[in-house]
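As structure tokens, one chain now follows by itself in the form predicted on its own.
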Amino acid sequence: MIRATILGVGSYVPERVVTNDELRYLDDQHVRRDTVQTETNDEWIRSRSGIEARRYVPNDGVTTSSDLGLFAARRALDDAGVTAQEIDCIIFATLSPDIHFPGNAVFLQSKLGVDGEAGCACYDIRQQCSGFVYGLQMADTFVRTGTYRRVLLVGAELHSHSLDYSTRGRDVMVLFGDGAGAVVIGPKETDDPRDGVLYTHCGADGSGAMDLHLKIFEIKRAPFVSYDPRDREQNLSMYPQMNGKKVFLNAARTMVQSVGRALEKTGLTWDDIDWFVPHQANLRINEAVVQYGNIPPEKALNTIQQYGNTTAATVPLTIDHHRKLGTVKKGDVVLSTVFGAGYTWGSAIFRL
């Protein structure tokens, strides 16, 4: 039988490391100032999120999220031994596209040099922190049904240009970083039910949509920017807003349930799983999921300490980070669960 399998993995993070200590001095162009811009500190950030640092692109207005995706995509293609010309479908997950439309997948296609009249199919998905698992479910179905043979799935985010660098915005601002992750997915003929992508499941609950949102393109407002963006009394809707406590509780509960469902539906146990890779939103959430989900803590992999929350990129970025360290190896079985704005969530089990 034909199963979808992960042929290659790649990731990319910008060179600039922004520590918690530096973050408090950054202005809205993330330039370091001599005076404190945000009332926060390393202890405050670590105690609430576990984050120690994050990566930012240069503040020159040149780098885009599709550029980050390109770097990760090239590494995934090299890892898979696949050329860009062999890709017949691109799925790009992001909440921080280069422009409002068209989506990033077509920009990535051009940057890979595979555009033109014979260009491959391009999909953009906007499931925020759940984007990778949603995209993996799509790719798995496409490959197993023979719709596409080589799918490039990319999650890439550029948050640093759209955060509120002030005490008002610190609850959200301290969490996010820039980065990208990618995988190449293709068919494999096998009768082994534990090979390739074993399981995916996605869900959503729109009643929580406004607990984490950005209203800049709200259809009720025209023109969309009908205020002075430099006036702090008017510009709140420029920036992401979050009901942190509600998001935390729903994320922890839903991710625990999602993990349990994955194991129940597949009949697997933690003896069959090598690694647990949760979405990297908050280390405290992941610790709660491990505790209440009865997950062996030694199997849980995190990178939020180094990279912050890179939303759609966190799962492949975390896998590739630990693969480079020699922790994760080819053939390992990964259970991943994600939760994001919407609310959206999902889980997947796959062999690398």
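These numbers were taken from a predicted model, which means no experiment stands behind them. Residue numbers run from 1 along the displayed sequence.
What follows is about the form predicted together with a small molecule, which we do not show.
Student: D195 versus the small molecule, in the predicted complex: is there a non-hydrogen atom within 4.5 Å?
Tutor: Because no heavy atom of D195 falls inside 4.5 Å of the small molecule in the predicted complex, the answer is no.
Student: Although the partner isn't part of this model, could you tell me whether D171 comes within 4.5 Å of the small molecule in the predicted complex, counting any heavy atom of the residue?
Tutor: So D171 counts as contacting the small molecule.
Student: At the 4.5 Å heavy atom threshold, is G244 in contact with the small molecule in the predicted complex?
Tutor: Looking in the predicted complex, residue contacts with the small molecule include G244, since a heavy atom lies within 4.5 Å.
Student: Is there a non-hydrogen atom of M138 within 4.5 angstroms of a non-hydrogen atom of the small molecule in the predicted complex?
Tutor: Output for M138 is no: heavy atoms all beyond 4.5 Å of the small molecule.
Student: Identify, from the list K299, R284, H322, R46, the residue with a heavy atom within 4.5 Å of the small molecule in the predicted complex.
Tutor: The residue from K299, R284, H322, R46 that makes the contact is R284.
Student: Tell me the stretch among 140-148, 258-266, 71-79, 276-284 that has any heavy atom within 4.5 angstroms of the small molecule in the predicted complex.
Tutor: The contacting stretch is 276-284.
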